[in-house]
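First, one chain by itself in structure tokens, the form predicted on its own.
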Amino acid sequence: MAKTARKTNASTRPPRAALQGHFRTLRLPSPLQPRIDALAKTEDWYTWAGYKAPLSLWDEELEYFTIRSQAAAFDISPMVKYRIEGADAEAFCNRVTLRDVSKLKPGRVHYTAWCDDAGHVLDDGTLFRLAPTHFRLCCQERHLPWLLDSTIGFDVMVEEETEAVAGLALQGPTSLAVLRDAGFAGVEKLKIFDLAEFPHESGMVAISRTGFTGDLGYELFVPAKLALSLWDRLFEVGRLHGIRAIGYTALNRARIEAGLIVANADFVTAEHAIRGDRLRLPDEIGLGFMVDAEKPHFNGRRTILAARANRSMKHVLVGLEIEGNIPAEHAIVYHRQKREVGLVSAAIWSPMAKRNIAIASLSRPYGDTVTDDLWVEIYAMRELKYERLMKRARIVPRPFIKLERRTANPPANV
């Protein structure tokens, strides 16, 4: 049977004044907020899942280069996290997500997605198998009601643990050296998508070799009460390895180079889509590789497989290389400079690839069987006047850059 967390009764409910104070808080503080605030020079903030989070902290350009040349620390505590535990935890995860969870062994992580019954993507994220019957699902959006409804018939407990568990991404070529010098013995043995627990003060920190940058990197999860001491432990030894805190703008540049997508940025999730033509099947946003047609039934299976058989998919997500050096973010894509065929969702001039790159959603057959004579429409500010530029674009594979150190085993000890 499904199990959920015990409801708060009158004796344990916070006083009214505390509740009123909560609603006066426009942005929730992360467990790492004191350290982030102390480093914030630009005061450049945004709201991430209700939390106060930095777009930049000191210099968004240099923060990007910290990822690629040093060790960049990024607070991922606001990322939505769910604890899934119980005798049927594996069967439950296998039922709601696209990949075959029976192949995910304890101490491993995989990137996955989940769909509604019509096969439209609700979200993507990472599934951590902490133990045979204990999983952690991390994602962009909140799905607790849907997950709880899905537990019917399963002996499993699903509980959101976003506030209880702090997260910190440590990315870049010297990230391993920081963890090694911080005393996490054996962390160098972690292969890509491996997961292990290490002692930290009175508890444990779960460290996975994962990240959102396409670089060598790790993600650390720890009880919220130990978040500040973990930060201090890393930064005390990390100075010699160039550790710096970064904001989302730098991380976003790195993820575009890695060809990674973001929910409600590169595609609209099924629960957020207002118009029916905004919904996407996994194959339409480059997530078709996740679909395991051989495993037992999962949400959306019938529709996804029928669309493949009938070749009825309407969209395709592609990587573009665009002439010139002006980023084409949110530019319209044309065929032969006349027919509108899609939209760019993310674009940058890549310092690593030395190319003008973009991720775009196109209407089939464009991007599928028709790939020639594509153009993007860019409006560039020139001396207080916008000029319309039509730039040639060509479809290229993602990722746009591929760094050997991301998957090297063992990583270079720098």
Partner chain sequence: MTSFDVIVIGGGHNGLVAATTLGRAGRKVLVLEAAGEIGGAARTEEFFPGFRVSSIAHVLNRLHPEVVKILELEKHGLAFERQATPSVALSTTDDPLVLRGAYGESLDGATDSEAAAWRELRALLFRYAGILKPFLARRPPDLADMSLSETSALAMAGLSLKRLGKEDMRDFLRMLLMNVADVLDEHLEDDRLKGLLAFDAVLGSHLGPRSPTSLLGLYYRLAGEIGGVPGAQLLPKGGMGAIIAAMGASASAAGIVVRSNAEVAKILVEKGRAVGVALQNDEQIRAKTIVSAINPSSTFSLVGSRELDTGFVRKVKNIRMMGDAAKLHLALDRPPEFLGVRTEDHRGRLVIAPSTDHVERAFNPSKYGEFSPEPVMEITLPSLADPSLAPDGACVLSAVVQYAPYALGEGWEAGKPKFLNAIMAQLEAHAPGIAKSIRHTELLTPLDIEQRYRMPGGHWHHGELQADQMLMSRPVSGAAGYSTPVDGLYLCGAGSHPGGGVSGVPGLNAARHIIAMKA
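Positions refer to the first chain, counted from 1. Remember, predicted model here, so these are calculated numbers, not experimental data.
Although not depicted, the form predicted together with its partner chain is the subject of the following passage.
You can rule out all but one of 188-196, 173-181, 67-75, 141-149: in the predicted bound form, only 141-149 has residues with a heavy atom within 4.5 Å of its partner chain. Residue contact check for A91: one or more of its heavy atoms lie within 4.5 Å of its partner chain in the predicted bound form. Among residues of the shown chain, E340 is not one whose heavy atoms approach its partner chain to within 4.5 Å in the predicted bound form. Using a 4.5 angstroms threshold between heavy atoms, R95 counts as touching its partner chain in the predicted bound form. Shown alone here, F298 lies within 4.5 Å of its partner chain in the predicted bound form, counting heavy atoms only. Interface residue among E201, D117, E236, D277, judged by heavy atoms within 4.5 Å of its partner chain in the predicted bound form: D117.
Between the options H330, H272, K103, R302, the residue in contact with its partner chain in the predicted bound form by a heavy atom within 4.5 angstroms is R302. Residues of 152-175 that come within 4.5 Å of its partner chain in the predicted bound form, judged by any heavy atom, are I152, G153, F154 in sequence order.
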